[in-house]
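What follows is one chain in structure tokens, specifically the form predicted alone.
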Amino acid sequence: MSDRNSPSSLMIWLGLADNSFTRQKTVKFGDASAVNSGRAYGIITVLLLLVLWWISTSFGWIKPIYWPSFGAVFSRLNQLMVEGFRNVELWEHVSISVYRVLSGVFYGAIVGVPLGLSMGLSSVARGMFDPIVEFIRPIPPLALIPLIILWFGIDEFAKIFLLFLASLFIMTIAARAGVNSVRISKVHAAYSLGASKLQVLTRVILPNALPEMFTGLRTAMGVCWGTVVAAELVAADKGVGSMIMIAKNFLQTDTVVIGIIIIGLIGFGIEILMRIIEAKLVPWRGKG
């Protein structure tokens, strides 16, 4: 009887029914772990936007120069997949942009996470680096483009360095916030059981700081995708951002829209992938 009345896996995946975990919740409002996926509403929203796009362009509400029609975008996409853009294959443009973004985020995390941890654990490190981080953090990475060109030229390193700066301070603040979020009772319990400083760091602080770090990593990924267009302005002839800017100069709005959609889809795909990785590596998130 209970099996017959239980929701199907499809209903649970769409977020139209609670799974076995969320069904046990007596209080749901205010409990983030009780919120289901809501995928059905997301699908409905996307479909409504596509219908609005089709209606607005089919009935001439928007001029093609401002926003292309469905047919124009698909026609241009087919042409780009066959002929490429400026003698470069479409997937090469996409892959080089993905490489730049992932490289910038990777190096930003490599430097930012230890820096943030040290600032959260050491008064000396906080005193030394906090003024620098808080001073540079509000500066948009785009404002540093002239200096980056002056220092590093227009090679590949300059583009990755700009994305590195875009992610560095996000990861630093996330790691520092992760350390500050650790309950002191857990640290005291570890010391009372005879743990060393290294064991407290690896067994208590890092596991409890990982959720904040993953949040920072996802934020840094989104910021870098937003910065990649500007990074590829630095004399780049490859990349989705470069393709968008060149197409804009020739009023090829359909190519611009295709580039925007590609960036959005890849960014969304990376976000979903990181959520899956986070669920596997940090299953204790939100559970105290």
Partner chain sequence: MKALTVEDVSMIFTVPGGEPVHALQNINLRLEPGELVSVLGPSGCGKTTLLNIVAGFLSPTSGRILLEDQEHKEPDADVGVISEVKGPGADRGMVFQQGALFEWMSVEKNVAFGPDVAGKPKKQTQEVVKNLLETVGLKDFAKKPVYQLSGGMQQRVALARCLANDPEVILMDEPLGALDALTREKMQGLMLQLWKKTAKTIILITHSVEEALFLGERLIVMAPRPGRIEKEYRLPFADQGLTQSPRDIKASPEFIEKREEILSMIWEMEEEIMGRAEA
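Being a predicted model, the structure only gives us computed values, none of them experimental. Positions refer to the first chain, counted from 1.
Keep in mind the form predicted in complex with its partner chain is missing from the figure; the text below concerns it.
When its partner chain is considered in the model of the complex, R183 lines it closely, a heavy atom lying within 4.5 Å. In the model of the complex, its partner chain sits beyond 4.5 Å of every heavy atom of P138.
Its partner chain is not shown here, but in the model of the complex it comes within 4.5 Å of a heavy atom of Y191. Taking non-hydrogen atoms only, R126 never approaches its partner chain to within 4.5 angstroms in the model of the complex. The single contact residue among N208, T215, S118, S103, judged by any heavy atom lying within 4.5 Å of its partner chain in the model of the complex, is N208. This chain appears without its partner; in the model of the complex, the one residue of S75, S95, S122, Q199 with a heavy atom within 4.5 Å of its partner chain is Q199. Taking the partner from elsewhere, every residue among A195, V204 and P283 has a non-hydrogen atom within 4.5 angstroms of its partner chain in the model of the complex. With its partner chain omitted here, the record of contacts in the model of the complex names 183 to 191 of 183 to 191, 151 to 159, 170 to 178, 67 to 75, defined by a heavy atom within 4.5 Å. Applying a 4.5 Å heavy atom cutoff to its partner chain in the model of the complex picks out no residue from 76 to 94.
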